[in-house]
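In structure tokens, one chain follows: the form predicted on its own.
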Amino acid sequence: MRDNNIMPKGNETDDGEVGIDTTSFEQVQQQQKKLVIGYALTSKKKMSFLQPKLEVLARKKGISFVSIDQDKPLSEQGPFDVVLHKLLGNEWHDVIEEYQQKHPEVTVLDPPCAIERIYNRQSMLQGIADINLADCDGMICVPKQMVVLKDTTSSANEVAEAGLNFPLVAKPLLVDGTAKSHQLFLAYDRLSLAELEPPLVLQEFVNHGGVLFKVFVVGDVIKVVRRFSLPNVSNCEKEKVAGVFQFPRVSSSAASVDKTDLDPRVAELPPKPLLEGLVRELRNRLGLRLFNIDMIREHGSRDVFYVIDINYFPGYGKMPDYEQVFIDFFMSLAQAKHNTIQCVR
């Protein structure tokens, strides 16, 4: 947090008298608490996140967003109170890690080593099934899955050995920010696996009534948005349908089901205690503060949920009131830093 040493003061007039500065105490406090956020985002992420409403609210709170120049050493820029980033590549990760070591007083959202874990779908869901949420009004599971690194033709036998049942959801192994990394396919039979391009993850499809829950996390705040997803696959379909089919994208706001008249047994949001317990565990295990969880409810069940994906710094523009949520989050970071400084003194 920047300290501009601004205090109310008198102004000497031409005749030697001292006039009173009309700057209000509130204005002075706001200037003193100015928060500088350096951001390194792709042009697409910048456009979706730094919306005019967010910037207006930020200015009112003394928060300024400063673009980080990737062609210059990061330590020569700023000074920053917070670094907000979503860039890929080992070179950038090295830059951030070195910056963290030299500037421990700066809050980095979030550590590259923590982000890397959920960029790989093999490690993304590890350990979630072991989370004990027995007292949280529900159960969290993960679908059975296996990784195919090279040959999808020979993976048919491995699928059977792993105990996976068709149809299978096929997802690219790495989440690298490209549109291709979010392309999902549904494979109905063994022969269709040969049409898929490795490396990928094969995940057992779970019937869920065609509704997906996107759980957005910003620090301690949790918001849930419902989205349309694939409909259930019947046993008759499994026997008659063959081949590979591409998933429609379900993340856009156009896919929202919040104003749709659906069976409440399908559309009812996950219990609040379950979400709070899950998010708390994931924050601690992943070391992240900005992420979202894709969840589905097992069809026919009220309290059995599957986590199928985790995304770092997702499209928050699709989250209701994200602007105010982030302003409050940034202000809480400033307050936490101020409290730490006071304790040290």
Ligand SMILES: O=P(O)(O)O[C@H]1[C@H](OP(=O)(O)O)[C@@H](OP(=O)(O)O)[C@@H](O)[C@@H](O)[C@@H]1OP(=O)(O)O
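Don't overthink the numbering: it's just position in the shown sequence, from 1. What you see is a predicted model, and the numbers here were worked out from it, not measured in a lab.
Another form, the form predicted together with the ligand, is not on view; read the next lines as being about it.
Chemist: When the contact criterion is heavy atoms within 4.5 Å, does Lys44 count as touching the ligand in the model of the complex?
Modeler: Heavy-atom contact with the ligand at 4.5 Å: present for Lys44.
Chemist: Does any part of Arg226 reach within 4.5 Å of the ligand in the model of the complex? Heavy atoms only, please.
Modeler: Heavy-atom contact with the ligand at 4.5 Å: absent for Arg226.
Chemist: Considering non-hydrogen atoms and a 4.5 Å limit, does the ligand approach Phe313 in the model of the complex?
Modeler: Within the cut-off, so yes.
Chemist: In the model of the complex, is there a heavy atom of the ligand that lies within 4.5 Å of any heavy atom of Lys86, even though the partner is absent here?
Modeler: Residue-level check for Lys86: yes, a contact with the ligand.
Chemist: Quick one: from Ile96, Val175, Leu193, Cys136, grab the residue that has a heavy atom within 4.5 Å of the ligand in the model of the complex.
Modeler: Checked against the cut-off, the match is Val175.
Chemist: Out of Lys238, His182, Arg117, His103, which one falls within 4.5 Å of the ligand in the model of the complex, going by heavy atoms?
Modeler: If I apply the 4.5 Å criterion carefully, the residue I get is His182.
Chemist: Heavy atoms within 4.5 Å of the ligand in the model of the complex: which of the stretches 67-75, 128-136, 208-216, 106-114 has them?
Modeler: Of the stretches listed, the one contacting the partner is 208-216.
Chemist: Considering only 278-308, what residues come within 4.5 Å of the ligand in the model of the complex, judged by heavy atoms?
Modeler: Result: Asn292 alone.
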